[in-house]
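Shown next are two forms of a single protein chain, provided one at a time as structure tokens under the names structure 1 and structure 2.
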Structure 1
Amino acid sequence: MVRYVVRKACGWLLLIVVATNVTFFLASWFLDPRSNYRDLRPVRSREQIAHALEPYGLSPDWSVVHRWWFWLSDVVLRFDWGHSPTGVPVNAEIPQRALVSGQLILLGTLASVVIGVALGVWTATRQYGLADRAALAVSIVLFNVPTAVGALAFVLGAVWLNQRAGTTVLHVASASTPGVEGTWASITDRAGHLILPTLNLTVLGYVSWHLTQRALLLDTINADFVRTARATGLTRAQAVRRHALRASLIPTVTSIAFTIPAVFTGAIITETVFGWEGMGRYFTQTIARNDVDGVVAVAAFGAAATAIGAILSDLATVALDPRVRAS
């Protein structure tokens, strides 16, 4: 098993290196860091702009290959992922924003997966019953609600509740309250700010897991191996729990492992509406500011997270499927 994980990790590491370097060349061709200086007053000359960008390896007088070698040398020798065109270190942005997004994304994803899978199993065992039809109707409605609309609905609901209560019951914006000091006070404050965006991710995110898990379980609930288990004396509930559910969870677990990395950089709307300075907002900001090094760092982070998800997916498949363990 250890050898298998090491081999997979080495393969993914090679892909990360290739993808990150390709992203650098694409970003260098399509983004123009000079735009950050053109609107400044007094107006900067071309030589002044080039001189200002040169310490960050972004000088327009350098060739793309020269800029790439400057960036690669810093990454390999000092693990320095560069600077924005205005001099903000990328190394100072990524850890902070990854932590902010991690608190939001992991909690929201975990809640949506647990609720969605549990509801999918519960409704599949009651196919076409009243509970199944009602849960399907609610999920189909929520499935068609855009993320921005759902987030704004939560914000409006929280504002209405706060006005009715005459105090802040639910925090609407940002990840923390300025001026809060002390460990326990900070934890409590962060938990309060997590409620609304987590609810938004959970309510709109559980739907796909519910529909997927329901369909997967219905495909296996009448399979031959389940009927054989029933013939050995197991009740229907026991056969479903021990055999049908285990088989139907394999595609779900694989999807979960690949979903978390995507959500890290994809929760742009949720972070924007609720004012969270996470990886999603950082990704859009780097593009808007023509920040080549920032875009490359986000791409590298996403690639690394995808690699971790892929390895976890393989390990989960091995744990759930005895045929894979045997091979």
Structure 2
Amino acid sequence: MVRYVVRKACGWLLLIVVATNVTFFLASWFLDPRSNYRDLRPVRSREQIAHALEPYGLSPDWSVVHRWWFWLSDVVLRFDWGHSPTGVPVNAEIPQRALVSGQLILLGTLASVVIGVALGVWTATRQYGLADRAALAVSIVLFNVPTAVGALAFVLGAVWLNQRAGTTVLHVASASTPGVEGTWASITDRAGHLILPTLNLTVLGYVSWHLTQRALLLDTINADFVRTARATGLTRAQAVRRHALRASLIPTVTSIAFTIPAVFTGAIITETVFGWEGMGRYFTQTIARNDVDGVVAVAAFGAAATAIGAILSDLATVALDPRVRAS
């Protein structure tokens, strides 16, 4: 089991390394760190700009391979992910932001999968009933709501609620209130800020799980092995739960990893709307500020999130599917 996980992790690590390095070349190609200095007054000369960028390994006089080597050796030898063109170290930004985005992505994915699968099972056992039709109609509409529209609608609703209540019931901006002291107070404060963004990711994310799980369970619910299970004396609910559901969960679980990039894209927009200083905001800020090293760090975070999801879904597949051997 441990060997299986290690082998999988090594494969993903290789992919992360490749993806990160390719992003470095793409970012160096499409972003121009010099533009951060062009608007400064007094006007800087070409040499002055190159001189200012050199300590960060971003000098335009260096070849791309030279810059890449500077960046790579810093990452490998000192785990230093570089600097923005104005000298802010990437390492100072990442831990806090990764934590903020990590909890958003984790909670959003978990809640979406649990709610979506539960709803899929519940409606599949009532196919073409009133509950099934109603849930399907809601899901088809939600499936088509762009993340930005959903997030802004939540803000609108929360602002209205806060005005009606006269106090701040739901926080609509930033990840925490500045100046909150004490462990317990800051935990409840952070949790309060988490509600709306997580709700947004969940409401728009559960839909695909609902629809696929419903279709998958409908495929297996009339299978011969479920009828055999009924014949041994199980009730319909028991047969569905122990036999049909377990078989139909396998494809769902394997696809969790491949939805994480989409969740991350959703998190970028959600963080923008709710003013969270996470990796998603960092994504937009670094691209807008021509911050090559920052963009590469975001790509590495995205790839790492996908890898973690993939390994977890592999483990779950091993637990669910007796045909997959982990040795």
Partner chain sequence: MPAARLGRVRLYARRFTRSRSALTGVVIFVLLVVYATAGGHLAGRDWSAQDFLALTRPPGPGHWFGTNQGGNDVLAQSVHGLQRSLVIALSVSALTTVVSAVAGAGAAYLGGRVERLTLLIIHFLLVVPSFLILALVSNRVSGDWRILIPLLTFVTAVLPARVIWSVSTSLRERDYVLAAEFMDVSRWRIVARHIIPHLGALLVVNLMLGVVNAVLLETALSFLGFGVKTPDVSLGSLLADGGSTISSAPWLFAVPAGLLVLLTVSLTLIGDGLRDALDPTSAAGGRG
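Numbers follow structure 1, counted from its first residue as 1. What you are looking at is a predicted structure, and each value in this text was computed from that prediction instead of being measured. For clarity, a rigid core is taken as the largest C-alpha set superposing within 1.5 Å between two forms.
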Looking for the form predicted in complex with the partner chain among these two structures; is it 1 or 2? 2
When the rigid core is used for the superposition, does A231 move between structure 1 and structure 2 (threshold: C-alpha shift of 2 Å or more)? yes
With the two forms matched on the core, what distance in Å separates the two CA positions of A9 between structure 1 and structure 2? 2.3
